[in-house]
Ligand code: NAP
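Take a look at this single chain, the form predicted alone, given in structure tokens.
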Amino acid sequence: MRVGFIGLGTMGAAMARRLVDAGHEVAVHNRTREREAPLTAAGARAAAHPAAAARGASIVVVMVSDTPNVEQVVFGSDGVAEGIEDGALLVDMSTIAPEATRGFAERVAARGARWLDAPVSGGSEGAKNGTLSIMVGGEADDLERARPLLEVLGSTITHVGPTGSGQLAKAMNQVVIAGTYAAVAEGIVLGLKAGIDVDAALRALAGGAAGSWGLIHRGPNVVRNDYPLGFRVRLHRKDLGIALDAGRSLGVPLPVAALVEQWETGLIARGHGDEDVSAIARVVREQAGLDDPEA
């Protein structure tokens, strides 16, 4: 399949590499052009701009950081919309605002192309291993066209409704992550302050009702107070902003998400925005007196 892939960040680069390794003919573009080099070395074609990546592709994947970036790479000068073929499918795997998604899909449809919103969960590990959970909004027939490609990237592919629904499902995901990581941090810090064998306690918790992906894979970060990148704090903060906007528009209070958003805003201001989102535990550790916030 001929694929255009725009956006080679931590997630996008790993996803594009999987498509190349699976034998797809992939044209790649990234704003920071040197990030294309590892992909071209693996067999991808470098495209001078998003329009060039889209030209001739049956599916174009966009994986960039936020709503304005999607609008720029799709509708800006030399954007995807200038090169996308009639009848081609644009699959936006970024996490952006649902309302904007619906508007973008209408603009692409006016040019004769189709749109799926297909944000993902699973972090950098999932992107590398092809085990992402992919939440898809759009037409079912379009999903079936994209399925062979999505199956290279994810182990769970779920159609959740019409255009924009994928983004709403991702907002749900980020709200749950916020609460989970906050609870994991509080529970572990309780054990650390008590002086018990926290590593043993984590094994016990993982086998019971408290067991979760976040506890198992990110709990050790909290114990070590070290947060190697899986998904950036600053990107999760952006996603929580989307979720909180949706909550306000729908009349749904999201107090835990709002609290975590405040924590993340403070962490970003202190230079921790590029750490893994489990770094919200820094706030709990500091409030408990384990660490000096000024250190």
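All figures in this text were calculated on a predicted structure; none of them were measured in a lab. Numbers for residues come from their place in the sequence shown, where the first is 1.
FYI, the form predicted in complex with this ligand isn't displayed, but the following is about it.
By the criterion of a heavy atom within 4.5 Å, T32 is counted among the residues contacting this ligand in the predicted bound form. Contact check for E264: no non-hydrogen atom falls within 4.5 Å of this ligand in the predicted bound form. Within 4.5 Å of any heavy atom of this ligand in the predicted bound form lies no heavy atom of G247. In the predicted bound form, this ligand sits within 4.5 Å of a heavy atom belonging to L235. Comment: this ligand is not present in this chain, but in the predicted bound form one of V184, V73, L153, L116 has a heavy atom within 4.5 Å of it, namely V73.
For the options V260, A27, L39, V64, the one in contact with this ligand in the predicted bound form, meaning a heavy atom within 4.5 Å, is V64. Only one listed stretch (80-88, 108-116, 122-130, 188-196) carries heavy atoms within 4.5 Å of this ligand in the predicted bound form, and that stretch is 122-130. Residues from 202-237 that approach this ligand in the predicted bound form with a non-hydrogen atom closer than or equal to 4.5 Å are G230, F231, L235, in the order they occur in the chain.
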